[in-house]
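What follows is one chain in C-alpha cells, specifically the form predicted on its own.
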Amino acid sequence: MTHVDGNVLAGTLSEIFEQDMTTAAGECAGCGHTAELAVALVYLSGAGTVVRCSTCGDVLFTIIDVDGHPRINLSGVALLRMP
C-alpha cells in the first residue's frame, strides 16, 4: 500500500481542531521522534485514514468517519504541540 505525506490531512484536521494542524509537532509514543504532522506517512483507505510515524512506522493516529463526522484516535501520539 502506498502512502502520501501528512499535508493531505490539512482539511480533515482543520475540521476537528479548527486550525491548520500540518505544522503541529507530534511525538511518537513508540520511538519518541518528534516531527511536524506534514511529514507523517498517511495511508488512505475506504475504512479510514492511518497516520504513521515517518521514523519507526508505528501508528500515530487513525481517523474514521462516523455518520459524516470525523473521529480521531490519538493513542500513538505521546505529545501534540499545537502550532
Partner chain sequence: MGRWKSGRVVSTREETPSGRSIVLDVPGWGGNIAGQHVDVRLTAEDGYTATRSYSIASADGSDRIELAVDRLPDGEVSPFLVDVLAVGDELEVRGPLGGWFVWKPEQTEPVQLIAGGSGIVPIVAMIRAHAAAGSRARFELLYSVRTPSDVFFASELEGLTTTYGRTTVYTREVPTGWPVLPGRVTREVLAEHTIPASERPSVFVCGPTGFVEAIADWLVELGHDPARVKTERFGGT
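Positions refer to the first chain, counted from 1. Owing to the predicted nature of the structure, the values given are computational and were not obtained by experimental measurement.
The protein also exists as the form predicted in complex with the partner chain; that form is not presented, and the subsequent description refers to it.
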property: Within 4.5 Å of the partner chain in the predicted complex, all of Val50, Asp58 and Arg71 (non-hydrogen atom); result: no
property: Proximity of Val39 to the partner chain in the predicted complex, heavy atoms at 4.5 Å; result: yes
property: Any non-hydrogen atom of Thr12 within 4.5 angstroms of the partner chain in the predicted complex; result: yes
property: Partner proximity in the predicted complex: Gln19 to the partner chain, non-hydrogen atom cutoff 4.5 Å; result: yes
property: Residue contact check: Ser75 to the partner chain in the predicted complex, 4.5 Å heavy atom; result: no
property: Within 4.5 Å of the partner chain in the predicted complex: residues from 1-17 (heavy atom criterion); result: Thr2, His3, Val4, Asp5, Asn7, Val8, Ala10, Gly11, Thr12, Ser14, Glu15
